[in-house]
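One chain comes next, on its own, written as structure tokens: the form predicted on its own.
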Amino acid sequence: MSSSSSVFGFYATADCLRMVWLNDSAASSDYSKLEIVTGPPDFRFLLDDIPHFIDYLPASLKAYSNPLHNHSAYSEIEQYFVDVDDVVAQNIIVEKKTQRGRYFRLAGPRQKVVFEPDEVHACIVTCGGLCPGLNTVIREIVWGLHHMYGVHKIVGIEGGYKGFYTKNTIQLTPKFVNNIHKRGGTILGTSRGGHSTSKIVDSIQEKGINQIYILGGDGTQKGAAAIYEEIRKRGLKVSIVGIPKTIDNDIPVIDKSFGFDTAVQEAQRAIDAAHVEAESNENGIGLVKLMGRNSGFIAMHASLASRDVDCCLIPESPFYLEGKGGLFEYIEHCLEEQGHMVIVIAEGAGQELISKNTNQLDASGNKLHEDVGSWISQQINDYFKEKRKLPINLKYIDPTYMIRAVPSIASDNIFCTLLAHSAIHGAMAGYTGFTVGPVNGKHAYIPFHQITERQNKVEITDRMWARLLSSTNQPTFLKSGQVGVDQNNNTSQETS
């Protein structure tokens, strides 16, 4: 083990650790690795580690005392610094016979850093769709770098990944970003897909940038992984850090993504309006379409929080319209029992019933969906008019872009601050090629491949979905044999 390794405390002592490099394609593509850590007899765990500059830069890489040692807010709090061997468990509930679990590095400031403040030239870029909290994360990265670490060279890239080589940069100072968290959207602009990794890295070298903070969803994080690989091939001291962003909350491993709480709260306004409309009209039906391309978390949580929803339809739980146990029969039952009904449907639900362009993709590589809200509105109207001869009053509300564009609420603002600070601490310490997020309540550093290989989905065999069914009193709409437990998808959002 090199002397530089011990300087950084990057590896544990030789008697309790050995390194195993992964050979599978997913892991080797982004240089991730597993460390098998052993301790007391019969105890060991897998550390799903992230890259560090020491992995590919010369052993002469210098380490410096963390500036926070001299910071008035932190210098007296020794516990503020994270031990290099502190880890976070991916799963906190395990079988009795389990001897090995998977862990990630705990996020937070280290005793040593690899950047001096004057050396840092940081940049921030936002990609993909809008999400509440984007401006808050931008603000907190700028403020954190400036006020915690004394970094003064920070720029924003305009227009997403393409902005690295097609547009100008914006100088970001604490004064400039001071109030941006009060606005929705992103002050840097955004775009989807269509970028050149080599051109981006060329621009990074030309501008002298050495810390890059990338805000975006799974497609954006795949792009970040590709940028990291090119950076590593060129042997550059440039830290690539991802901050996962998706309003759908469909990024795996992490507890939730920023903006989700805001989206659920804002969705309540649409549901409340739908309930008022439905309750005020004879045989009134209020239909609300919410975000959820492949995952129904917003629809499920908003329905549970509302208490006014009679039916929630999500992509993970198939449904059918006609026949015994179908949606039409349940709508008729609700109208007979209470005279009105509120339906919430996620944008990706029911696509198998209507989708025609199954192979078409958007700029981010996502499958294009039909407008299920308009389609199901027409189906319900036609059924009750033509087959049941029952007059109904259906009001359809689609608040999608209103929800995406609002500023984040208090809980998300705090969450965004923690994400930004975790990202900064990791970059300053020399980690790279990783994303940040809460895992079982603790912020951790996660390899890119862990959040890009699959999507987080609602488990319809989980108790959270059972609570939803109990709250709405809706049927499952499932036929025999349709429910199966995905043993590889450990993504339950609530298990107690």
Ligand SMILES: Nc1ncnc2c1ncn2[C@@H]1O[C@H](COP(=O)(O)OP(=O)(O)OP(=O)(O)O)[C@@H](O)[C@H]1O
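What you see is a predicted model, and the numbers here were worked out from it, not measured in a lab. We number the residues from 1 along the sequence you see.
Separately, the form predicted in complex with the ligand exists; it is not shown, and the next lines address it.
Chemist: Quick check: superpose the C-alphas round the site, drop in the ligand from its position in the predicted bound form, and tell me whether this chain leaves it open or blocked (blocked if 3+ atoms sit within 2.4 Å of backbone or C-beta).
Modeler: Answer blocked: 3 or more ligand atoms come within 2.4 Å of backbone or C-beta.
Chemist: Using 4.5 Å between non-hydrogen atoms, is residue 299 touching the ligand in the predicted bound form?
Modeler: Contact check for residue 299: no, nothing within 4.5 Å of the ligand in the predicted bound form.
Chemist: Closest heavy atom of residue 237 to the ligand in the predicted bound form, within 4.5 Å or not?
Modeler: Because no heavy atom of residue 237 falls inside 4.5 Å of the ligand in the predicted bound form, the answer is no.
Chemist: Is there a non-hydrogen atom of residue 127 within 4.5 angstroms of a non-hydrogen atom of the ligand in the predicted bound form?
Modeler: Yes - in the predicted bound form, heavy atoms of residue 127 and the ligand come within 4.5 Å of each other.
Chemist: Examine residue 350 and determine whether its closest non-hydrogen atom to the ligand in the predicted bound form is within 4.5 angstroms.
Modeler: Contact check for residue 350: no, nothing within 4.5 Å of the ligand in the predicted bound form.
Chemist: In the predicted bound form, which of the stretches 303-311, 220-228, 376-384, 390-398 has residues with heavy atoms within 4.5 Å of the ligand?
Modeler: Looking at the partner contacts, the answer comes out as 220-228.
Chemist: Using a 4.5 Å heavy atom cut-off, which residue among 193, 185, 284, 318 comes into contact with the ligand in the predicted bound form?
Modeler: Partner contact (heavy atom, 4.5 Å) among the options: 193.
Chemist: Note which of 161, 260, 415, 115 lies within 4.5 Å of the ligand in the predicted bound form, where distance is taken over heavy atoms; exactly one does.
Modeler: Result of the distance check: 161.
Chemist: Using a 4.5 Å heavy atom cutoff, which residues in 233-272 contact the ligand in the predicted bound form? It's fine if the answer is none.
Modeler: Going through 233-272 in order - heavy atoms within 4.5 Å of the ligand in the predicted bound form - the hits are 245, 246.
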